[in-house]
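Here's a solo chain for you in structure tokens, the form predicted on its own.
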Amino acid sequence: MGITAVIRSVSHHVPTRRVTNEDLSKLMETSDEWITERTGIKERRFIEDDSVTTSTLGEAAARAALEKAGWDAKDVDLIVVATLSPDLYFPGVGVLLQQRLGCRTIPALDIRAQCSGLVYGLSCVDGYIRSRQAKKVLLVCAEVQSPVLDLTNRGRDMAVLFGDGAGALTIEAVESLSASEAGRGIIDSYLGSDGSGAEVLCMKLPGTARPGFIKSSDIEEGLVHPKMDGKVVFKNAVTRLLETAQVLLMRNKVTPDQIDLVVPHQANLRINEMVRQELKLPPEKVFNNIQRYGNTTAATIPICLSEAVAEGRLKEGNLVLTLAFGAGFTWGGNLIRW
């Protein structure tokens, strides 16, 4: 008999500190009109102080997801964390959460797929469950990016885009679904990468590619801040998101109108609108919240899922399509019966 990976709960946690476009205009030459027109973003969340880390946000989201699922931390037998902003250069955030949450000495691993972290993470979890290596899995997507942003004119093109936040999902192996749950679970995933675009969107340091790992001159040159060629990323994102949607729909004999909700990565509202229009979907079938949170990288899709459930736009039995594109380049999506 087949085994299915069913999402039991989703939750999120964001810092309380709101940073509006007007706030950023006091630090660099920009404006609310400029940021809104190009990205759709009105505000984002930054950590309140240096005591808040990626694992701090991830722990809060994880505890809420566990409570919603009715699980104890000791029920979990695998932790998967998606992040590009770990607390430490090593080890990863997964082991920190294992200790903080009070889990057993279970496997814990980190995924570095940047903005595609959630879709890669769900595919990874699905594989563990289908191969019977895990029964109850905690997937956490968390980012603290504000400390590495260059909040000056030099870094404004990137600095206005990103925010901090976390989302978490509990996912359970189910041997046989009841009649009321028939069809639920992760149906299919599609992933891709193209390393030729690695330096189009990246943060070069800290890293081992440059002699000395990191020097004071590197900081002065701004190599410790993220960089991006926005036009190249925009074009590739639209192409790959549509490719992902088309592959998943065709492979599973699903038409766009049968999808109840599309949840795309929140990088740019214009990208998501282009994808929506190409798929000929009404606005209510695509969930966006970039206006309030900016780009929280791996955390964007789980934050969207959490809010969609809370707003009643995502209900049990709905057919959901996730889509993501990120640095690497990486991209992919998941088809899920919620």
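Residues carry their position along the shown sequence, with the first being 1. What you see is a predicted model, and the numbers here were worked out from it, not measured in a lab.
Not on display, but discussed next: the form predicted together with ligand ACO.
- Of the heavy atoms in Ser146, none are within 4.5 Å of ligand ACO in the predicted bound form.
- In the predicted bound form, Arg156 approaches ligand ACO with a heavy atom inside 4.5 Å.
- Remark: Lys231 counts among the residues lining ligand ACO in the predicted bound form, judged by a heavy atom distance of 4.5 Å or less.
- Ligand ACO is not drawn, but in the predicted bound form it has a heavy atom within 4.5 Å of Gln114.
- For the marked spot (Val160, Asn268 and Asn295), a heavy atom within 4.5 Å of ligand ACO in the predicted bound form is present in each of the three residues.
- The chain is drawn here without ligand ACO; in the predicted bound form, the stretch among 37 to 45, 56 to 64, 303 to 311, 276 to 284 whose residues come within 4.5 Å of it by any heavy atom is 37 to 45.
- Of the residues given (Leu205, Ile186, Ala245, Leu84), Leu84 alone sits with a heavy atom within 4.5 Å of ligand ACO in the predicted bound form.
- With the partner removed from view, the residue among Leu96, Leu249, Leu201, Val125 that has a non-hydrogen atom within 4.5 Å of ligand ACO in the predicted bound form turns out to be Leu201.
- Contact annotation for 3 to 30: residues with any non-hydrogen atom within 4.5 angstroms of ligand ACO in the predicted bound form are Glu29, Thr30, listed in sequence order.
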